[in-house]
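Taking the form predicted alone, here's one chain by itself in C-alpha cells.
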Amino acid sequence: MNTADQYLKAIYLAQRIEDGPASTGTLADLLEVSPASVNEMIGKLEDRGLVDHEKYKGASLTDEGLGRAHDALQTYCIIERFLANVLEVEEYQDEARALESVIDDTVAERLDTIIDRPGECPDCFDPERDACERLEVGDGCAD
C-alpha cells in the first residue's frame, strides 16, 4: 500500500466519523501529519480523480477513490488481524500502521489465507476504535 492509498483510507474513515466530507484537521490527526501535508496530498488525489475537494467543506472520495480506499482498508484489516490473532502482538495497531505502507497485495493475499477474516470485512471496521469491531485480541479468530 502506498502513501496515496493511506490517505484514501484515512479519508474513507474520516467520512464515516464525520458523516460527511473529511476535514483537513481530522485527516491530519488520523495520519499524524501536518494540515499542509494533507492539503498537498488532497490536491494530488483530486488531480488523479480519486477525491473531490471543496474548500472549507472537506474531501470526499470519488467512486474510484472509494474502491481504492476499501481495498486499502481491507489490507490494513488483514495485517491487523494477522498481528493480533496469529502472532499475538500486543501493540498490533501500531505495528499494523507501520507495516501497511510496505505490505503489497501479494503478501496481504497470502496473509489472508492464514487468518479467519469475516466476510463483511472491511465494513466491520470501527474507525473510532481503529480496529475491526469483531476483532477479539488473543483468541485466534473473532466470530
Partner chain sequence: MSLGQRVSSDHQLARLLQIGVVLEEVVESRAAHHLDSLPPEERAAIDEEVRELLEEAADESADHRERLEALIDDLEADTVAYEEINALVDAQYGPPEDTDGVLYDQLANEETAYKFYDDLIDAIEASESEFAIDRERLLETLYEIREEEKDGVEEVTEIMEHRA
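Residue numbers count along the first chain shown, from 1. These numbers were taken from a predicted model, which means no experiment stands behind them.
Beyond what is shown, the protein has a form predicted together with the partner chain; the following relates to that form.
Here is the short version: of Lys57, Arg110, Lys44, His70, the single residue with a heavy atom within 4.5 Å of the partner chain in the model of the complex is Arg110. For Glu40, no non-hydrogen atom is located within 4.5 Å of the partner chain in the model of the complex, even though that partner is not displayed.
For Ser101, a non-hydrogen atom is located within 4.5 Å of the partner chain in the model of the complex, even though that partner is not displayed. Although the partner is absent here, Asp116 lies within 4.5 Å of the partner chain in the model of the complex, judged by heavy atoms. Residue contact check for Asp63: none of its heavy atoms lie within 4.5 Å of the partner chain in the model of the complex. Looking at the partner chain in the model of the complex, residues Leu31, Val86 and Val89 each place a heavy atom within 4.5 Å of it.
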